[in-house]
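Alright, two takes on the same chain below, each alone as structure tokens: structure 1 and structure 2.
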Structure 1
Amino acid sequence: MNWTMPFFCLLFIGRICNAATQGETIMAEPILSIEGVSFRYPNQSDYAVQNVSFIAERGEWLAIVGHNGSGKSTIARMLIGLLRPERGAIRLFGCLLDDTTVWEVRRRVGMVFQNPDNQFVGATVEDDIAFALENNGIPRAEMVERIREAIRQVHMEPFLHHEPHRLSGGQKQRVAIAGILALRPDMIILDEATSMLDPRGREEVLETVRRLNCQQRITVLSITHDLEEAAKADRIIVMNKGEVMAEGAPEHIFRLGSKLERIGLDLPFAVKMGSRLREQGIPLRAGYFTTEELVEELWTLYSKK
């Protein structure tokens, strides 16, 4: 996983992509709808998720953030049928998620977990990507084509015949994403998929996801406690004690400031530093989510003097 670019470039590309999409006359198309969903684990008196409702549109990057135990991962597991809501309904691709539709939904939704080693079954990267295709009855000629396309999309061509377990953390996650892409999903769910990576690996994975989201309009649902990662999304949902606490664009969510910190979320350094500098009278615009963005603005501001 050696394909990299600075975080501020990634965010800039994302905003261009979003602006271009908003400039089109295409109507928003909901791909996911959660309607008053509640869930309680066995032998638990409190609900892990309570009366949660939201939608995700086709091609949107939606981040669900919250501290441990806030309910965000429970929602992810309900979306692929691993858990069933006690109340409410989940609709994906216009269909109610139930026993009759769950397998079709799983064909169209790919999930990347926190530890990619738990997802590997093949002796090589190529074998691992082929595994799910074989299980889905994809003809060999088409399988070869899909593997090559998926590995190219995540820039892992030189590692096709390597053992997955010998790769770096970031490379492993990109292979996991390639395995999902080979199935050609409409949605990717990242369940704390970058939390075990070093900064470089984390950067590589998020760059890959943003590019796929922008170029192919793959809907991305990111489950995370990292607000700097969530800042790359189009929209953020904040969970607290199983309920939706806030929802909106990143710049709207970060205005909550201390409210986020009180529920165990750490604001990005650039957001906190930018706020402090504005309090000291430095004329910075709002909306810095990464250190690179803040440094670039300070450099531009003082180079004009």
Structure 2
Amino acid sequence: MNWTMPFFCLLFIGRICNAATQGETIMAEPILSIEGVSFRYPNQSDYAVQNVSFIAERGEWLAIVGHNGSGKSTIARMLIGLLRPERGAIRLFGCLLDDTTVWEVRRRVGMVFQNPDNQFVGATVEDDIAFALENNGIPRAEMVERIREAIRQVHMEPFLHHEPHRLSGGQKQRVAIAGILALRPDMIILDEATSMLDPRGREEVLETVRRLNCQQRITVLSITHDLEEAAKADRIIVMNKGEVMAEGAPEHIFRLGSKLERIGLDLPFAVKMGSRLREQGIPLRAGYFTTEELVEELWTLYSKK
């Protein structure tokens, strides 16, 4: 297309080779590890986050759940250096997060915030996607290319020149995701990114992120109080009062049943239904997810009778 193209091709090949040689070390190490992290907001005596440790594997979808004020958003903010832990260490890509690495981390880890309006900086969709590229000093010619690629990935091509007030909440969140994708990130953090959206917008956003997680193996850390949403994660961490209360695969977590309800969470419908039916003496196996699976199980029991 222009004289810079061969140059970019070379760069791109360089990236792949680089990744290939480093492949082994990357696989061996978790993309994120948090060790004994505590945090207190200024002028507060109670810890918002206390002695929290966990890891995230490359390519996994990890959900952090908890009620409002359980400390889950505070953790998200610490991960990209917006807040600094009082104690403990955060490692991303094998490096300790500190003043020297924070900007590199923000390039490789993107965060989608709760309010779709308050993270839209640009005058139009393309300006907004360009914002993070500009911050990272990406040359203009490459920007155009990356913006086109990112907008395609979130299926927002027809809206490239739209102003934010002409978009729905779900569309704005998808633009925010495109803004992150343009930086070719390793990890996306969703900080209650769907909680202000209507059901349609929520589905749009989750569908987009799911696709990126599957196809591009982008690690996803989703912070939510919606267990229905968390049910689709590979792993769930339950936070309560600033501490990790439980950690494990969804079917493992949902066995906690009423314990989760007691800390202000709502079990997914099929799980709740299953446990109520068990209480009523219908001998169902523990730990279902979808309504379909529950129907199958009930059918098996019903036809046996």
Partner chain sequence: MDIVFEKVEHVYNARSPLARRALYDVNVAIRSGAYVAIVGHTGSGKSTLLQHLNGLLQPTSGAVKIGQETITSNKRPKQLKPLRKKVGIVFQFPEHQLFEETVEKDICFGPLNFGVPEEEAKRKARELIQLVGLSEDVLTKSPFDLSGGQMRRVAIAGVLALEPEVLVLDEPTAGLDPRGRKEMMEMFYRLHREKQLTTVLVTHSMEDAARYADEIIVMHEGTVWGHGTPEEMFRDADKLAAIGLSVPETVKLKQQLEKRLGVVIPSPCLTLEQTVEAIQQLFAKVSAHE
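All of these numbers come straight from a predicted model, not from anything done at the bench. Just so we're on the same page, residue numbers count up from 1 along structure 1's sequence. Between two forms, the rigid core is defined as the largest C-alpha subset superposing within 1.5 Å.
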Query raised in the report: Two forms of the same chain here; which is the form predicted alone?
Result: 1
Requested in this report: Can you let me know which of R235, G110, L267, G201 is the hinge position, looking at how the rigid parts move between structure 1 and structure 2?
Outcome: L267
Report summary line: Against the larger rigid part, the smaller one turns between structure 1 and structure 2 through an angle, in degrees, of 27
Query raised in the report: By how many angstrom is the Cα of R276 displaced between structure 1 and structure 2 when the rigid core is overlaid?
Result: 3.6
